[in-house]
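One chain follows as structure tokens, the form predicted alone.
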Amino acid sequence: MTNQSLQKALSYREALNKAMHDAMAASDKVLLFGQGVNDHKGIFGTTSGLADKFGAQRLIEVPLAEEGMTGICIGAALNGAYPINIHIRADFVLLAMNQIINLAAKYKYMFGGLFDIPMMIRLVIGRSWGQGAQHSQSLQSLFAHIPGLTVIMPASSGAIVDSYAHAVQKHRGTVISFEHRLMYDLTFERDHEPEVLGKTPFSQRRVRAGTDVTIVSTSIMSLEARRAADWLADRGISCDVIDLHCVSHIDHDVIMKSVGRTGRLLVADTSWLPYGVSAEICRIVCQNDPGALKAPVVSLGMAPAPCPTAKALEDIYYPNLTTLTDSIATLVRGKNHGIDLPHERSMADVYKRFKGPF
């Protein structure tokens, strides 16, 4: 158990609500901004009840003006507040790129370290239920590329509670967190929280220890990697699964020690492969010790196209348990591995079925 503050099993949604509650209770300088932050749905339940306890003046409904509102958050951070800006779709943050990249990420560097921008931007990955090309993007690589930003992708309730508390209380920079909608209803038992492989809650996590292949994964793909590892363990393949968690500040030693043991690497990300997290993990291995690999690296992610709206097409757009398991087995034993595969078409059918846009 890595999270001493997580005393009972919590759903992903409950952990987000707890993290927001705890941050606001700890300091009256914490302010929440977002479309729907104070309505009856409370941003998928993650801000529900907070206005009743802390007052609507600290949960601020925002107009459709992402760039302007991000500027207000930056100004608030410069004046001693801790703003948490929530976007109900990760895609909407594209409208605030200038504020985030040219201001939030650079103030400390441009003014000799005299100014910090301590704030959090929560982004919800809107995959499933035909969200389509403009509401399904997972854009972590865009922000992880920028010095001055810390980008995390919590894959469990404990990761949320730990990381968000660390961000608000101790981290003096801008944190961007990607939350995957398919995990919101999942409950995470406290005794099954991954082991933190580092000194801070932003560090990587070991989901499962193994000897045959290293799987480096992000967000919900860490859950898929665990499911694939469980399936393959009964068929003689041992997987070392590492949840990357913080994609902007990767501990090279954690990755290289695992690859040094297994000699094989598969990277499973929630976004496109070119110029992305998968490419960065490959760069790390190639620069540190390419000779550690017994076979070429395998990468899984979204198809190289905008996400289709039709569910039948969406189901084949993303990797699933079958393709992930087959890729791992092929990497370890070759194309004719002879391992029976799980029959599963879509993660949305396993984790959550959506009946409407919100």
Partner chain sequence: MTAPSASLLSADLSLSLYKTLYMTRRCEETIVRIYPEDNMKTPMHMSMGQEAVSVGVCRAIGGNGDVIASYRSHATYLAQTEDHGSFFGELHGRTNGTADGKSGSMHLADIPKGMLGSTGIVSAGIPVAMGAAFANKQKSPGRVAAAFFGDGATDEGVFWETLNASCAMKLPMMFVCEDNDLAVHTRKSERQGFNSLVEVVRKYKCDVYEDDTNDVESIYALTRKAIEKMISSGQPAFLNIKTYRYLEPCGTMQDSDAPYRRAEEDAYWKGRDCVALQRKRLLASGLAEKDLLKVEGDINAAIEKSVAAAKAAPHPGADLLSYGVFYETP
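In this text, all values refer to a predicted model and were calculated from it rather than measured experimentally. Positions refer to the first chain, counted from 1.
FYI, the form predicted together with the partner chain isn't displayed, but the following is about it.
Annotated contact segment (heavy atom within 4.5 Å of the partner chain in the model of the complex): 130-138, selected among 220-228, 253-261, 130-138, 205-213. Note on the partner interface in the model of the complex: the residue among Thr323, Thr330, Ser48, Thr309 having a heavy atom within 4.5 angstroms of the partner chain is Thr309. For Phe54, no non-hydrogen atom is located within 4.5 Å of the partner chain in the model of the complex, even though that partner is not displayed. Mapping the unseen interface onto this chain, Leu95 counts among the residues with a heavy atom inside 4.5 Å of the partner chain in the model of the complex.
The closest heavy atom approach of Ala292 to the partner chain in the model of the complex falls outside 4.5 Å. For the chain shown alone, Ala26 is not a contact residue for the partner chain in the model of the complex, no non-hydrogen atom being within 4.5 angstroms.
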